[in-house]
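Next up: just one chain, as structure tokens, the form predicted alone.
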């Protein structure tokens, strides 16, 4: 304390009450016990050793993670700190990270679930055995929902047991009439390499996913996803090894809508699987497009590539060729696959075309590139590639998602 003016000491922010509210708003969804981050930041004792690291991360804008090139206020889930919040964290760290005295109760999180207590939990009946080393093929398991009536779901969350080994997990709904993976056993883990898409229809929908850095799926009032009566849920899980063997039983929690919604949230993938990335290509471009055949709105966008993914842009081209840029991710990060949700859903008139432009860096300048000399094609493993953008569309409940894909008849 010697030699420091009292006025300066008094101006240093305190953990209580200045810093903790920022951590609660911006950080604790991941930085708390049982979540994806490597350390919890719920108490002064937990945060104090990381004061300088917190300062450095927010000054570099690496935390909270966000990769879209956008002004604040464009995306509803933009977690970036304000200039005032960054200043508070910087001054706190540089001022010795003082504690202060608690002035309000800590934020209380529901243990184990970010969506609150689910109404229904559906999980893998058997644990997957993840080896310590090697490459693990995508694992699938078919779990009957047990629903005897159509269920509208207002919030969903996918939670793996072994987060250190699950890079991502996707849960599909398979309606009763779907033929997708019908030859595969129920409640048994299996691989489907080369057959994962056989028989897949537009109604075999992704209803939720666990992705690095992504938030749970929580929809506005009057909006929900549909799980038809008699449907199965198909878990598709990408396990990665890290030198330690583990087991995992991924599960999904569902919060049911209190009443039938007016708007259905429907997920579809705009993808291009027919590409070849040459060796040493520093900026190989792959394009995919999709035309909507009924009026809809874009609720959220989620780019998906692998280790060579460099950037992605999504444009809407209306029938009169008017273009709108919906998403620009100039620095894609395989380890933080975020979902971008516009503040207001983006209207797409019938006949609008969505264009996805993915760019891959297969050069030695890419530090994550497994092999710059490889010719790279579509595949499930991280050493292979994907060019996909998952889109959440909004549709009035009476309209089937098939209308998005079905060209209108003449005179319609």
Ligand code: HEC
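The structure displayed is predicted, hence computed values, not measured ones. Positions refer to the first chain, counted from 1.
Beyond what is shown, the protein has a form predicted together with heme C; the following relates to that form.
Contact with heme C in the model of the complex, defined as a heavy atom within 4.5 Å, holds for exactly one of 374, 59, 343, 53, namely 53. Site annotation in the model of the complex: the residue of 68, 63, 40, 359 reaching within 4.5 Å of heme C with a heavy atom is 63. Comparing 381-389, 346-354, 25-33, 359-367 against heme C in the model of the complex, the single stretch with non-hydrogen atoms within 4.5 angstroms of it is 25-33.
At least one heavy atom of residue 336 is located within 4.5 Å of heme C in the model of the complex. The shortest heavy atom separation between residue 81 and heme C in the model of the complex is within 4.5 Å.
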